[in-house]
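Single chain ahead, written as structure tokens, the form predicted on its own.
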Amino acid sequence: MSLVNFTNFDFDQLFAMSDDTNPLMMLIWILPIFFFVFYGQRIQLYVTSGEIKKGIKKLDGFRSESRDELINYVNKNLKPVDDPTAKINRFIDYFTIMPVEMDPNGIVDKVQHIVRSREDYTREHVRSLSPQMSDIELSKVQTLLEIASSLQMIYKIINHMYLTAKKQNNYPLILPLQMILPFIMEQSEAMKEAIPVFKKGQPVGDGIGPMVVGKMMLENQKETIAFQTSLVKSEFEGRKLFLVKADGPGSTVGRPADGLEKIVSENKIDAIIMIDAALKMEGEDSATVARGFGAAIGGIGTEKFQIEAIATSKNIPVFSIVVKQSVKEAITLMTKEIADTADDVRGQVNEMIRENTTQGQSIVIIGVGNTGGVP
């Protein structure tokens, strides 16, 4: 078999550097090198800019569509007293300034105070659009407002970074934007696709935790344990169960940490089991169920901190069961594969109770996630 010999290249011939070098060939080789040395970054900037501009145009479309859909929903379903457009435009542009972090002592309480103040303020102003609005409709509009506001903020930040880099012809500044844009687009598209799901009040992938606990609550009397949070007391093989989830079927995550705090203040708790959705890694299958230790709860971290502090102060072990899914699956209509894991997760909760507690003990089971469409 004849093979190409890579060892006997004539570099002088290849680069036309021999004695009989043609000056025209030298120019053909050297000029592009000088051109790319001085203008290479600018060419890369123009090429990259084209791709980023397409992404920004899409983001602009997403924010406009989400705003228009919100206004149409309010006008069509809630019969507002006045034209809601101006108010909704103001709500969408609202921002949150997080507290100073130079002295971290007490930072969680400060963050929690600001976030809850924002939620309370938004809730009251959404209600002012239509005073007869039910709590379920209110939670829907509040969620749609959060989506529209997030898409608006994402568009503004990405557009600002792009225009700043272009204004200064600064390729290194546009490079990180090019790298993060695919992730930003994936999340933005997921948020846009979540809008019709929340409008119809259907369950999303993130609702698998409340769905499992909701099934365990069936045929028992619910009571309110904290803001937008329900409690059911039940029994399982000689153990006392405290089942906690956000109120459904409105779109809310409730305040499970406040509920846990109240339960622990009145009862001796021997274990906490949390059920939540979790982001899957690339290569992992969706709807995979996994077990672990620690507080399984997302968000900005204040609820997680509060639950961990309660468990640590009372020396209560915290166990978790998660259902893996992508970002898109977590906030769009719950897939059949994820919904089908509910019975398996419930079986694993029972197994976990038998393995880690004895008869006569008490366990808190928290279904974490958005309870939209989950009664």
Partner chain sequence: MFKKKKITLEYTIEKCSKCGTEVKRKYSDGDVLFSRCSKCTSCDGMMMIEKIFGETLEQ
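Numbering follows the first chain given and starts at 1. Every value quoted in this text rests on a predicted model; they were computed, and no experiment measured them.
We do not show the form predicted in complex with the partner chain, though everything after this point is about it.
Notebook entry, point to check: in the model of the complex, do G214, T335 and A339 all put a heavy atom within 4.5 Å of the partner chain?
Noted result: The answer is yes: all three residues contact the partner (heavy atom, 4.5 Å cut-off).
Next item on the list: Tell me, yes or no, whether P203 is in contact with the partner chain in the model of the complex, where a contact means a heavy atom of each within 4.5 Å.
Entry: Yes, contact at 4.5 Å.
Next item on the list: Verify the contact flag for P249: yes if a non-hydrogen atom of it lies within 4.5 Å of a non-hydrogen atom of the partner chain in the model of the complex, no if not.
Entry: Yes.
Check: Might D103 be said to contact the partner chain in the model of the complex, defining contact as any heavy atom within 4.5 Å?
Finding: The answer is no: D103 has no heavy atom within 4.5 Å of the partner chain.
Checklist line | the partner chain contact in the model of the complex: V374, any heavy atom under 4.5 Å | finding: V374: yes, in contact with the partner chain in the model of the complex.
Check: Tell me, which of L218, A86, L163, I180 has a heavy atom within 4.5 angstroms of the partner chain in the model of the complex?
Finding: Partner contact (heavy atom, 4.5 Å) among the options: L218.
Next item on the list: Heavy atoms, 4.5 Å, the partner chain in the model of the complex: which of 62 to 70, 43 to 51, 339 to 347, 308 to 316 makes the cut? Say which one.
Entry: In the other structure, the partner sits against 339 to 347.
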